[in-house]
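We begin with a single chain expressed as structure tokens, specifically the form predicted alone.
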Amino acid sequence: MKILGIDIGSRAVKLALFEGDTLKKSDIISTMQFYRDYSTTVDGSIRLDLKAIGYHHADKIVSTGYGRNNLQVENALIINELKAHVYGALYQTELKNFTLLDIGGQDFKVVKVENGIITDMLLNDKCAASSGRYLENMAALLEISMEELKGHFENPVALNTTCAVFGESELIGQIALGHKIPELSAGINYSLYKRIKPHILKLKSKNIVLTGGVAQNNAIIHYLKEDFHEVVVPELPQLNGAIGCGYLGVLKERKRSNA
């Protein structure tokens, strides 16, 4: 049986197709393109053109993600975001005990997992200053790429404002003082990390599993390694939610078949 996992994010839609226990195919599509080219909304549900996307052979769909309570994928099993991300981490890392840190485009999630079960969680979806969008905006202000931004972690300029909007003004002030791109970039990365760090410490485990688009940020990984025993970045961190959907669908189908 082929099971398709879909994670509808604020910036991108992730798809992961399983055949049995094996991840056979995956894609990342911008959310705008997904809605514009591959779906229509009928009575509050998303009707997908799976053939156009290239996933029309799927036998079952499991979906999660940003806005899932308002727009549900037609004929799909809808699951909680936290469950999707945890099952994605279980599949990708094979760990059973860890703290999951997922930093997305508009929020972050910290979830403690013990023996494969969620035991505690902390969420932040109220402030852009603790998300990937903050990094994108600040990189644009410096007129550098995200690729360049994510490589700088040494000698960070102090950026103390906790608001993304006021943070831009603070950064401009630091530019005016003559600070260079490497230390300004490090300051941006570290300011994001220090906002998230207290939440991770509350749910600290031996292993930190880092997922989401910001998992590709080398500076954030560097700061985590200074504070935690082991930092695990799965092979496909941005696809973790979609993988979790697909994997959970596989487990449910296996349980149904064995019943």
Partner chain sequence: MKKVGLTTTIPVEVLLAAGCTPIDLNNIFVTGGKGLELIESAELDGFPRNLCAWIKGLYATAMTNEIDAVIGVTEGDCSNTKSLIEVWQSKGMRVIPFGFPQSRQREAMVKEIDHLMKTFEVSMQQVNKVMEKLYPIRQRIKYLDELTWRHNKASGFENHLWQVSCSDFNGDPATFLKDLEVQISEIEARSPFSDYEVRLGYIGVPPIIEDIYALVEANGGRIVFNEVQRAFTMAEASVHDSIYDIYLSYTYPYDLKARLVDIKKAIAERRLDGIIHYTQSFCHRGIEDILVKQQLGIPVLTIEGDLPGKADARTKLRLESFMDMLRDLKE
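Positions refer to the first chain, counted from 1. Being a predicted model, the structure only gives us computed values, none of them experimental.
There is another form of this protein, the form predicted in complex with the partner chain, and it is not shown here; the text below is about that form.
| Hey, of 75-83, 168-176, 132-140, 184-192, which bit sits against the partner chain in the predicted complex at 4.5 Å between non-hydrogen atoms? | So the stretch in question is 75-83.
| Is there a non-hydrogen atom of K252 within 4.5 angstroms of a non-hydrogen atom of the partner chain in the predicted complex? | Residue-level check for K252: yes, a contact with the partner chain.
| message | Contact with the partner chain in the predicted complex for L90, defined as at least one heavy atom pair within 4.5 Å: yes or no? | response | Output for L90 is yes: heavy atoms within 4.5 Å of the partner chain.
| message | Residue-level contact is defined here as any heavy atom of the residue lying within 4.5 Å of the partner chain in the predicted complex; does V232 satisfy this criterion? | response | Because no heavy atom of V232 falls inside 4.5 Å of the partner chain in the predicted complex, the answer is no.
| query | So in the predicted complex, does any heavy atom of G151 sit within 4.5 Å of the partner chain? | reply | No.
| 4.5 Å heavy atom contact with the partner chain in the predicted complex for all of G116, L123 and L248 | Yes: each residue has a heavy atom within 4.5 Å of the partner.
| task | With the partner chain left out of view, choose which of I29, L50, I221, L203 has a non-hydrogen atom within 4.5 angstroms of it in the predicted complex. | result | Answer to the contact question: L203.
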